[in-house]
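What follows is a single chain, given as structure tokens, in the form predicted on its own.
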């Protein structure tokens, strides 16, 4: 017999977001070895500026070789380190975070807690703020992994804050109040509202009005605000990025209760393209949260070797400035290429200014305004166009037909192939002959599973809103 946790189906991976990656793994595209394979467009990974990091490593062999002034620091790093992290790394990290925010916000390294990536950081902050059975409000659409990261082990419930395409999926006070009331009706004690800024999957930065709505709402309800800002360094177009802490400072809230109820999650996975290094962090002005999170961080530490290497890299201010600017330039250019390619196929995208993906409107390609039709379209694109994109239902979008498409995890040539495939797909789907698919059996059976498991969960959460 196993534990209820091990034997339950509450991990959150029964969605097309995760299953698409599994199907891709069995037939991955390669321009030479497997040119008819599936192109991975469901992974928010940044490979556009890895050459800059690699160049720095070649020029700084001491950091890579764990040396300082020609002397080995291996023994120092290999022996026991406590879970507070290396002071040098934390000092460089807060400076880097300030730089991303235009030095409008200064961070205290004593308020920083290291974690093994943002996944660990997000779970840890939820453990600190809420007990099992309590609730966190989360604006939709939201990252599919949050059903795993925020609730699987914590036992905390997620109550969606429904946002609409009619106003660009912006967060409104009405939507916040509506979600809070639904939580009250379910006898759920709301402990906070969790946001991603810039948004995943929308690729948009939050406006000052939205941030002020959140702060006012949190102050009125006496709850926390958790801002996942891991994409803050990927903002490549106006308007610029405004951190939740900056918004609070603009209202001179430093000496009020809300100041200790605002928390930031960040990592080096996105703009530097280092998800494999597993470097995340929590920043909070709440001493009890910092103390508790630091103790919990012993379950997900960042290796001393990684901290040493990155402290040297971040200390090179000339490099970080160059990398920041060049990365944003490359992201903007690659996103423009995706949006232009989709437009040639008659597909529009939500206007965005950040992130490694676009939020794509394919509602006109559905045979009906249902999640069943969305899942069918996802299956067709996977099997016929051989593209792994992520349907909106995976992100709890309540409007069928929206998809997230990533553009930074592939070469320019691969993206061109993907754009040709989607154009051919749309042309075939609009022809009288339609699409004749040859799907692997696991994909066809997967669609049925998704409809019975994931989409039905979404439908029940939204009441009768599936067909509108």
Partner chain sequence: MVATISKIATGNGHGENSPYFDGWKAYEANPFHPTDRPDGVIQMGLAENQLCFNFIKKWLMHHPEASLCSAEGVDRFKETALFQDYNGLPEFRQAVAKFMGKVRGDRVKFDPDRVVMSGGATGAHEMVAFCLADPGEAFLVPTPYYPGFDRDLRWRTGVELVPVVCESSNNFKITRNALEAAYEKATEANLRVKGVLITNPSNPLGTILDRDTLRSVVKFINEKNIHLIGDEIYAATVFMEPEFVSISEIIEEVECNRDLIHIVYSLSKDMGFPGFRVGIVYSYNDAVVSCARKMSSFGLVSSQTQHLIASMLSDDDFVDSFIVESKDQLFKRHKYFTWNLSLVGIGSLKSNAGLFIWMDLRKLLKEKTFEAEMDLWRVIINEVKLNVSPGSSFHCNEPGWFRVCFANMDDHTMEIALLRIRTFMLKHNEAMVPGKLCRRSSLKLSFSRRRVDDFMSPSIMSPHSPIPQSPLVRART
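Not measured: the values here are computed from a predicted model. Numbering follows the first chain given and starts at 1.
One more form of this protein should be noted, the form predicted in complex with the partner chain, which is absent from this view; the next part is about it.
In short, of 71-79, 382-390, 328-336, 244-252 it is 71-79 that has heavy atoms within 4.5 Å of the partner chain in the model of the complex. Though the partner chain is absent from this view, in the model of the complex it lies within 4.5 Å of a heavy atom of just one residue from 369, 216, 345, 260, which is 260. Of the listed positions (130, 179, 324, 94), a single one reaches within 4.5 angstroms of the partner chain by any non-hydrogen atom in the model of the complex, namely 130. Contact annotation for residue 305: at least one heavy atom lies within 4.5 Å of the partner chain in the model of the complex.
Residue 65 belongs to the set of residues with a heavy atom inside 4.5 Å of the partner chain in the model of the complex. Contact annotation for residue 288: at least one heavy atom lies within 4.5 Å of the partner chain in the model of the complex. Put simply, residue 427 is far from the partner chain in the model of the complex: not one heavy atom of it is within 4.5 Å. Annotation for 292-306: interface residues with the partner chain in the model of the complex are 292, 295, 296, 298, 299, 300, 301, 302, 303, 304, 305, 306 [heavy atom within 4.5 Å].
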